[in-house]
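One chain follows as structure tokens, the form predicted alone.
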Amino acid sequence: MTEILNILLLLFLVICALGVAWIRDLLSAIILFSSFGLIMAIIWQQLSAPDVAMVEAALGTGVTTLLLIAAISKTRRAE
């Protein structure tokens, strides 16, 4: 059961990484990047590294997302 979960997590991780690289909308890319960080935190937890998982969840998902959203709120969108 855990092997299937690990394979699904890695598949979602690759999909998020490719989506961030290919998507044109900045806000959508930030949301995908945030989900990438959350999936990485779950993977770190599966690898028995809870300290790294907590840091990834706090920084990779929380703080980085807020900083990137604040940065794009200061810019103008060109459609």
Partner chain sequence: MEDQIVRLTSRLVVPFIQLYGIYVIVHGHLSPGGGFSGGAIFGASLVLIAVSFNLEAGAKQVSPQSASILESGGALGFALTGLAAVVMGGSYLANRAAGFPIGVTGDLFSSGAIFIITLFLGAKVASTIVTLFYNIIEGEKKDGTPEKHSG
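Positions refer to the first chain, counted from 1. Note that the structure is a prediction, hence the values are computed from the model and not measured.
Note that the form predicted together with the partner chain isn't included here; everything after this is about it.
By the 4.5 Å heavy atom rule, the three marked residues M1, L32 and G37 all fail to count as contacting the partner chain in the predicted complex. Mapping the unseen interface onto this chain, R76 falls outside it, with no heavy atom inside 4.5 Å of the partner chain in the predicted complex. Although the partner is absent here, V14 sits far enough away that none of its heavy atoms falls within 4.5 Å of the partner chain in the predicted complex.
A residue is said to contact a partner when one of its heavy atoms sits within 4.5 Å of a partner heavy atom; L18 fails this definition for the partner chain in the predicted complex, lying far away. Put simply, L47 is far from the partner chain in the predicted complex: not one heavy atom of it is within 4.5 Å. Contacts of stretch 47 to 66 with the partner chain in the predicted complex, defined by any heavy atom lying within 4.5 Å, are made by P50, D51, M54, V55, A58, L59, V63, L66, listed in sequence order.
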